[in-house]
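In the block that follows, a single chain appears as structure tokens, in the form predicted on its own.
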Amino acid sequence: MIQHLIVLPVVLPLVMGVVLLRSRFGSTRFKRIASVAATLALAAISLALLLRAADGEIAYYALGGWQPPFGIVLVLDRLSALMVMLTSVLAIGCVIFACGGDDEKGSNFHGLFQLQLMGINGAFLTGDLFNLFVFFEVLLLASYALLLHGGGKSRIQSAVHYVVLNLAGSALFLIAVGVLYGATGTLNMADMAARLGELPAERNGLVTAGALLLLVVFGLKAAILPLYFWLPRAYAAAPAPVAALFAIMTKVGVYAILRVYSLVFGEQAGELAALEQPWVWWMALATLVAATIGVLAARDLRLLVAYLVLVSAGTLLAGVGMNTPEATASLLYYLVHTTLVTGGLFLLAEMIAQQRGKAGTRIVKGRPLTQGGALAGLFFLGAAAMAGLPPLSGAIGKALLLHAADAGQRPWLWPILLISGLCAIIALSRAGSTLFWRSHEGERGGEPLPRQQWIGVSLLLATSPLLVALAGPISDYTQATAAQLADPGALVSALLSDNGGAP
């Protein structure tokens, strides 16, 4: 049974998604219990995979018994195990929150939610480029429907932009995959990495074109400037549990850049190595600057959190652009932190909106909140963590990234990252004082919030102090992950040896 664990993060949400879609008009209680149980089971499976990958073993699952490079493979290493575990923890908070009433705004929420998890997990585990494209499409199809959950004019407008841009990205992805297949004769990433060093020089131009097309696609998913303009409005308009789950979506793009360009275009690729590095570094810094301006300009709490997602995307991509194992280890720690905290802030924004009535999440004076003290405490925790204030996890992640910069990178990264943190403090302080301090006139408004919502948001925001308490072991794991990524030959050997994978 243990050898089949690798495929379960894909199969379990697929099966549960189909079951829940077929019973979409059934009992709400059944759908909630089934969805939460499946997500908790996914977290248990992910933990088992994380423990298995922690010893440095690289394993793979060959679907149908077809061995690489000819068959479809799912690959388990430290990075894929970490990302699947992170997705599971985020999903638990989101699905519990949704059971507080958001799931009743449409009949298909839980089924689509599980299919979204299937696509995300598949993207993290797949070992070939074409199936990376396939899983991107699965998660995007589910996200299109989830974005429209509950309806509304703003959601439809945002969804149109989101769909059009991502369809264009999908077309470019397919073209890039075709170009690379034509040049190398394979789609398996490990096999492609092994072949690049032996390619005739006349094919280098085709490979370079394919690699840069992939960078555009992954940059769109990761929301890098100038490809991020779709994100703020789409995330701000999405239902709260959907927006919180979307916090992992930009990290799928970051993961794809890390995986493809460290494995396929690593040092063994010769003159094709590190094609992405100069592009990613400068565009990441530009993303940080533009997103920081958006944070200061935001006059709606949901939009503010969406721009904070962009700030984190720029920070992560700057770590990718530094292109060192130390920077990779640092960005992985920060990636875990920012995914969970921004997810929690999206959920918290919805809770605040429910008690403010017509004012919603607009950063304007409104009536006092019925449960304002508890909401203010959670907001303070999330804001401090997201702005990078010690002693929370955001400060540790940023400090690690600042320390990882070399002498040539520090004059650029240090002022931009530190100023972005200061601007986040200013924007979040303004929002918090307006929502909780200046809103003191009139009768208290809003009904007490469902306990499921309190559990979901508390679970995600509590991960920040937990990441501090476990900073040592987590940093050790991320450093080992970075070292494994810096040695693509180990993964190539594991997949292309004659030992065989699980059938």
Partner chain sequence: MESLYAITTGVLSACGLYLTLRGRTFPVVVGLTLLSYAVNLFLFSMGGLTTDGAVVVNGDGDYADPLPQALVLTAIVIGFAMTAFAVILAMRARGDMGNDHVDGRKHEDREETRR
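Nothing here was measured: the structure is a model prediction, and the numbers come from that model. Numbering follows the first chain given and starts at 1.
Although it is not shown, the form predicted together with the partner chain is what the next lines describe.
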Contact assignment for the partner chain in the model of the complex, among L141, A405, I416, I92, heavy atom within 4.5 Å: L141
Partner-contacting position among A286, V364, L167, A374 - heavy atom within 4.5 Å of the partner chain in the model of the complex: L167
Check all three, F133, V179 and G182, heavy atom within 4.5 Å of the partner chain in the model of the complex: yes
Non-hydrogen atom contact H161 with the partner chain in the model of the complex at 4.5 angstroms: yes
Interface membership of S429, the partner chain in the model of the complex, 4.5 Å heavy atom rule: no
4.5 Å heavy atom contact, T324 and the partner chain in the model of the complex: no
Interface membership of K358, the partner chain in the model of the complex, 4.5 Å heavy atom rule: no
Answer range among 365-373, 315-323, 343-351, 167-175 for contact with the partner chain, defined in the model of the complex as heavy atoms within 4.5 Å: 167-175
Heavy atom contacts to the partner chain in the model of the complex at 4.5 Å, residues of 137-153 in sequence order: E137, L141, Y144, A145, L148, G151, K153
